[in-house]
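Two separate entries follow, structure 1 and structure 2, each one form of the same protein chain as structure tokens.
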Structure 1
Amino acid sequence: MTSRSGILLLVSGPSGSGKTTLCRRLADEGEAHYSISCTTRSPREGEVDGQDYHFLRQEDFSARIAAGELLEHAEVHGNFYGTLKSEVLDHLAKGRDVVMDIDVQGAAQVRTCHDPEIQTALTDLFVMPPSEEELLARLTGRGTDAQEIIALRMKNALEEMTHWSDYSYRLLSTTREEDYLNFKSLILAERLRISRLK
């Protein structure tokens, strides 16, 4: 029987596009490993270390950067976020697919990674909201944020959406079920690639 190498699927899209829901559902169904990021920020109420994030001290994070243990990293609002190579490479080596919910800057860093295993495994998808009006409705619908936070999220989302053409695939969001059907179809198709067969 032929075995195959794992897929590394980078999934980006603005806040409110549904990308996190898609990634988590794929993982919950046992179809892929959901890559857990590490961060130097403090855990929020209810967050669990190793499940929501790997919570690291600033010195530990910096040491891991220096040791080349991070696939990508960035500073956001004074805190560091990143992806440990071990969160990805160990799974790919076993033929397991990995999905990463990642922003456009992080995705760009992963694309420039020279590790041959990453380059062989890599594919990427941008999840695009159907319209600006729908995106605003989704951001407002959470009902937890002040108007100025929603305005900032909307501004950031519109800027992020200008990067969709950097990706191999684009999913134009419709309904949760249809989005997931298309999302799962992509991973199933990628598994058929001859270049992934060992």
Structure 2
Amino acid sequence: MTSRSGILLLVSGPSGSGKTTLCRRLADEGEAHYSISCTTRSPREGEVDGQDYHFLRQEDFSARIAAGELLEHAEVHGNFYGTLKSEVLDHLAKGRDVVMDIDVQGAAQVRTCHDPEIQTALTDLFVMPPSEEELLARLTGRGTDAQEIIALRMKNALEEMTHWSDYSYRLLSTTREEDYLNFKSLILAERLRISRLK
């Protein structure tokens, strides 16, 4: 029997593309570990500290950067977000796949990281909404954000989408089920990669 090292799947795409739902479902089905990020933004209604994010005050976030605990970090929509090394490295070492919901700046930092474990593990996907109209409908339909926040997210989304060609894979969103089928196919195929076999 051959074992393999874990996959680190970075998933980016604008808010409303459905990427978080895809990542969460993969983790809920036991296919991968979902890397819980740190953020300085306030929790939305229903979000739980330690499950959705590690919600931190700015000074705590800065302290973690100073202590070298973050693999990457970036400012998105006026708040800080970052990945704890402990959410990634320990799992990969055990051969466990890790899925990360991450913005384009964070993904660029992970791609340029020199850690050989990360480089072997890495693959990345950009999830695109079917159209601008549908994206606006999804951002508005969530009903949790104020109008000016939606406008800011829409503006950022259009900028973020210009980076799709930096990624190895692109998923053009259609329906939840079809998106998930394609998403899961990607991780199944990545598990066959010879470069990660031990």
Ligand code: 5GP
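Just so we're on the same page, rigid core means the largest C-alpha set that superposes within 1.5 Å between forms. These numbers were taken from a predicted model, which means no experiment stands behind them. By convention here, residues take numbers in order along the sequence of structure 1, the first being 1.
| request: Only one of the two shown forms is the form predicted together with the named molecule, so please name it by number. | output: The chain shown second - structure 2 - is the form that fits the description.
| task | May I ask which of 156, 163, 63, 85 lies at the hinge separating the two rigid parts between structures 1 and 2? | result | That would be 85, the one at the hinge.
| message | So the chain behaves as two rigid parts; what rotation angle in ° separates the smaller part's two orientations between structures 1 and 2? | response | 18 degrees is the angle the smaller part turns through.
| After superposing on the core, C-alpha shift for residue 68 between structures 1 and 2 in angstrom | Comparing the two forms, residue 68 shifts 3.0 Å at C-alpha.
| After fitting the core, how far does the CA of residue 44 move between structures 1 and 2, in Å? | Taking the core as reference, the C-alpha of residue 44 is shifted 5.7 Å.
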